[in-house]
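Take a look at this single chain in structure tokens; it is the form predicted alone.
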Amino acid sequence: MEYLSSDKIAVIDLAAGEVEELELDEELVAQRIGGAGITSHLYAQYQDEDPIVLGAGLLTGTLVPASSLAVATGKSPLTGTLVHAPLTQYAGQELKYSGFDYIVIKGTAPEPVFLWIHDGIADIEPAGELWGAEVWQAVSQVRAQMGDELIQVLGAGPAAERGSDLGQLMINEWASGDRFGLGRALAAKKVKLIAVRGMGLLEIAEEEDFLAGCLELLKAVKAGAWGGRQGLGELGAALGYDDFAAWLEPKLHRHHAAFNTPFAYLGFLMLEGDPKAMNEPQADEPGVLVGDPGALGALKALGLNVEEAGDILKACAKAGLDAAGVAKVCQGRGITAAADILAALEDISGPVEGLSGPFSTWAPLGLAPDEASWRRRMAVAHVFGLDPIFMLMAPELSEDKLVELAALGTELEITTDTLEAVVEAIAG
């Protein structure tokens, strides 16, 4: 696979402590496109060894707007079904540049390990004192050990290690879109984290036409309904959360966007110090990055103020817990006071009711006209590697245009019929 690709698949056998490198078959890309289309294919290929498969979309890490997504595919401990967890922020593009298009993690390690994926090399390293560490501590330690602060870390926290249903697959210090307990699934394999770093470059078949198409698409997106808007407040208002912007205001420090995503829906809550101050904060851990409108909305619905919600989100991030699941479980148990919720985090677990389908409701259903439309947009986002939340916000990211760019980028015969077949295969 010459274009938009590293042309490599890493198959990591944890039980044997071995890594096999395979070539990415061009015919497989022509048939399954990328992202969840191929991770689901690889999952089926190694299904007997209960794999977790990581992969970037075909357009991840390119100039296509919102091309930030990687996908973690595996069997959810919560539903027992095949699911695709979205990995955004800067993890997707780093995986794309790492030298591997897909990583199959199969079997279980005899002792705790972490995986080091970098520059076309996949190493299995002893986890040592990383096992049992809080998420933030583990991220700092592995970056220090490898001597690179730009490493992206996909990891499991203490909650996942103890088998909590709410053990989420984390991105660096922060929450991901995993609603399925894939952090717990990773920890069950005795894998603490996956550290990813890449300096690779992507070759594009028709460079000028591809670039022109990306710029045209960006222009259309900026002229769309969400052009010029930003922030969790705007997103919350669109979802019907009353007075969301005003609720956030006392602690909202700044907006932040995922890689190449034209809408900054991530927000940093400054919990210690003045959120309006522009100087460097003195506290080591002054706040929390929030990219989960559903979790914030659920905590707000419990009657918490933004500082209390931020404290809970921060504690969940350190433990590696899905905060939306935490809010749902606490609501069901009648636990609504902030101090009581924080106390419950030590041993909180599920089950979490209402989970179904292969895609995470982290990308809110309220941004789509109906569930069928939502599911289709999720499938397309997870195939091409586009931010799922922004995919719902930007109808300008049309299937026809994405297929056109995929064909220009690869010189493969990828058509709308190809996409239709892949969507039908993965959407459930």
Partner chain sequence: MGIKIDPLKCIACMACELACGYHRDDAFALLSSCVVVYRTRERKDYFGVVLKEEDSLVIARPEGLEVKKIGAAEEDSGGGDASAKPMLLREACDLCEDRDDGPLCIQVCPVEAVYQD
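Every value quoted in this text rests on a predicted model; they were computed, and no experiment measured them. Numbering follows the first chain given and starts at 1.
We do not show the form predicted together with the partner chain, though everything after this point is about it.
- Taking the partner from elsewhere, Leu365 is found to have every heavy atom lying beyond 4.5 Å of the partner chain in the predicted complex.
- Although the partner is absent here, Gly99 lies well away from the partner chain in the predicted complex, with no heavy atom inside 4.5 Å.
- The partner chain is not drawn, but in the predicted complex it has no heavy atom within 4.5 Å of Ser360.
- When contacts are judged by a 4.5 Å heavy atom cut-off, Leu82 does not count as touching the partner chain in the predicted complex.
- For the candidate set Glu111, Asp284, Glu346, Asp243, a heavy atom within 4.5 Å of the partner chain in the predicted complex is found for exactly one residue, namely Asp284.
- Listed residues Ala220, Leu202, Leu342, Ile121 were compared with the partner chain in the predicted complex; Leu202 is the one with a heavy atom within 4.5 Å.
- Although the partner chain is omitted here, in the predicted complex all of Gln230, Thr261 and Asn279 have a heavy atom within 4.5 Å of it.
- Only one listed stretch (247-255, 294-302, 234-242, 348-356) carries heavy atoms within 4.5 Å of the partner chain in the predicted complex, and that stretch is 247-255.
- Contacts of stretch 201-216 with the partner chain in the predicted complex, defined by any heavy atom lying within 4.5 Å, are made by Leu201, Leu202, Glu203, Ile204, Glu207, Glu208, Phe210, Leu211, Leu215, listed in sequence order.
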